[in-house]
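Consider the single chain below, provided in structure tokens and representing the form predicted on its own.
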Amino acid sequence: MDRAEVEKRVKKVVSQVLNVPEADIRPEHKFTADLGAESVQSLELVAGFEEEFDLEVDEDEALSVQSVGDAIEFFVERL
């Protein structure tokens, strides 16, 4: 899966969970500071990414993913 496809799918999950238009989501956006994710939504994001990419995310690894760009890099490296 190429980077553009991963980015598109990450933005889709973020848009669904945080109710933000995909067009407004940028790689530099931090989930909490820029997109307003609360702790429950952070868990929903991880679950959404796991489902979207059919990949289990370790809890410690999930904590290191703070931004949209981090999520894109995380899945590019693992797919």
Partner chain sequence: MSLIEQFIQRAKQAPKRVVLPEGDDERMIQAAVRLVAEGIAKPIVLGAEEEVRALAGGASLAGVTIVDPAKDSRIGAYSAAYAKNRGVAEGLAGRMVKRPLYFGGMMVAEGDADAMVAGVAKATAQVISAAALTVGFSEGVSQASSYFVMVLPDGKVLVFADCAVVVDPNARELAEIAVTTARNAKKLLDVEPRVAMLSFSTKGSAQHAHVDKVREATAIAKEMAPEILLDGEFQVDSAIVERVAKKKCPDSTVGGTANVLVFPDLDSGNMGYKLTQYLGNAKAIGPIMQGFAKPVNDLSRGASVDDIIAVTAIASLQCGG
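Just so it is clear, the structure is predicted and the values come from calculations on it, not from any experiment. Positions refer to the first chain, counted from 1.
In what follows, reference is made to the form predicted together with the partner chain, a form of this protein that is not presented.
Taking the partner from elsewhere, every residue among Q41, E50 and L63 has a non-hydrogen atom within 4.5 angstroms of the partner chain in the model of the complex. Within 4.5 Å of any heavy atom of the partner chain in the model of the complex lies no heavy atom of L35. Taking the partner from elsewhere, L55 is found to have a heavy atom lying within 4.5 Å of the partner chain in the model of the complex. Interface membership of V68, defined by any non-hydrogen atom within 4.5 Å of the partner chain in the model of the complex, is ruled out. Shown alone here, V17 lies within 4.5 Å of the partner chain in the model of the complex, counting heavy atoms only.
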